[in-house]
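As structure tokens, one chain now follows by itself in the form predicted alone.
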Amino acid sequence: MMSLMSTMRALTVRQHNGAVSRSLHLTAIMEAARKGTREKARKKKVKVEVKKVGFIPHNQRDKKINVQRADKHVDDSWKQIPKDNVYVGRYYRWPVYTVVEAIKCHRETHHPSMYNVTNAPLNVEIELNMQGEKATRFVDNFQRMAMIPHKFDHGEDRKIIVFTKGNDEIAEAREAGASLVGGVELIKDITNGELLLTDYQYIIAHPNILAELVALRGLMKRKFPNPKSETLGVNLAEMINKFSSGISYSAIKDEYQQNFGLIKTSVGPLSMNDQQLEENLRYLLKNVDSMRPRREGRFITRVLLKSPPSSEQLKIDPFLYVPELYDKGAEKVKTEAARDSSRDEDTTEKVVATSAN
């Protein structure tokens, strides 16, 4: 009787008139079902603990997060032109100066009565549209050396080593200002470890020593002289002059906006005359424009002239020195020159391969 009562309990429910009565039976199965329902209800009431996360640097955050970033290509052509000298800059177009006017403005701010830095460098910021020939392709980062007509102290220690044979070529390289010039004996010193190539930033060679120079190809790697990088040629004086006094610059794409590139370099100090600074800038812009992709539209989008410690930046028109849009006729000439260069490079590769065999 007791075991029966443990498995089934009766509950008598009487109505108000007492005439009718009925029993509700609660079994063990029904108890288990009620217990599961209660457990689910308890779990819903449990508070979710939120873990506090500290500051995460931008380069370590989740790449899937879409952050709305402003377009770095500045286009103010839709803004109105200011009618006087007093206006709110963000509502109007940037004024465009000539190079001479911009240099004059910087000299006024660097006068002894103001910043008192009369020999400050004239820096150039060149903004590029790195869009390639296809919409999904972009121009790779590049580093080049622009030859300029007027030398200035660039503040860099550039050591140049030259490999050549012949007394005339060695004398020419030394007169041009090479740090070290030599032939087969110089190659032996490097092979024996008596001389380190890492002490020299630039390596230049004459074609007459190319067969012997192949022994150092493994040590030089990408610095191995070739016509494409203009480190292999007959005119040693011109190459040495370019790498010793030229403008070294790098075009770097933005990390988040792949079609935006920026070049920061200097064309000389403010103590140089206007004509010299303008000619250096012209040669620099032409060198940058030589990397233009074969597509329509602009490659150089904006050029600003700055001079520290002033934060003033003056916009100039670069299309007075280089073409604004893509020119197919000029590209044909450029392609022919590239073919000639590639032929020279193929000849160099054949000579190197023959020497290696």
Partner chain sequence: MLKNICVTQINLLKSVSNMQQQVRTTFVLKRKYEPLLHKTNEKPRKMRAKHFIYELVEDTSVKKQPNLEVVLKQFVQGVGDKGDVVSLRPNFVYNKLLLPGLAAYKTPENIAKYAKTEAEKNTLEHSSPYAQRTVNVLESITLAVIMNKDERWVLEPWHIRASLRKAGIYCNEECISMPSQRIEGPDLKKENKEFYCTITVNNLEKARLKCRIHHWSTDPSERLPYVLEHWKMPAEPLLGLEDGATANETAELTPKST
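Here the structure is a predicted model, which means the values were calculated and not measured. Numbering follows the first chain given and starts at 1.
The form predicted together with its partner chain is left out here; the points below concern that form.
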- Item | 4.5 Å heavy atom contact, Gln143 to its partner chain in the model of the complex | no
- Query: So in the model of the complex, does any heavy atom of Tyr87 sit within 4.5 Å of its partner chain?
  - Reply: yes
- With the partner left out of view, is Tyr92 within 4.5 angstroms of its partner chain in the model of the complex by any non-hydrogen atom? yes
- Query: Does its partner chain come within 4.5 Å of any heavy atom of Val74 in the model of the complex?
  - Reply: no
- Mind checking whether each of Val100, Asn259 and Pro293 has a heavy atom within 4.5 Å of its partner chain in the model of the complex? no
- Just one of Cys105, Leu219, Val184, Val214 has a heavy atom within 4.5 angstroms of its partner chain in the model of the complex, so which one? Cys105
- Query: From the list Asn235, Asn192, Thr198, Asn116, which entry has a heavy atom within 4.5 Å of its partner chain in the model of the complex?
  - Reply: Asn116
- Query: Among 285-293, 36-44, 304-312, 319-327, which stretch has residues with heavy atoms no more than 4.5 Å from its partner chain in the model of the complex?
  - Reply: 304-312
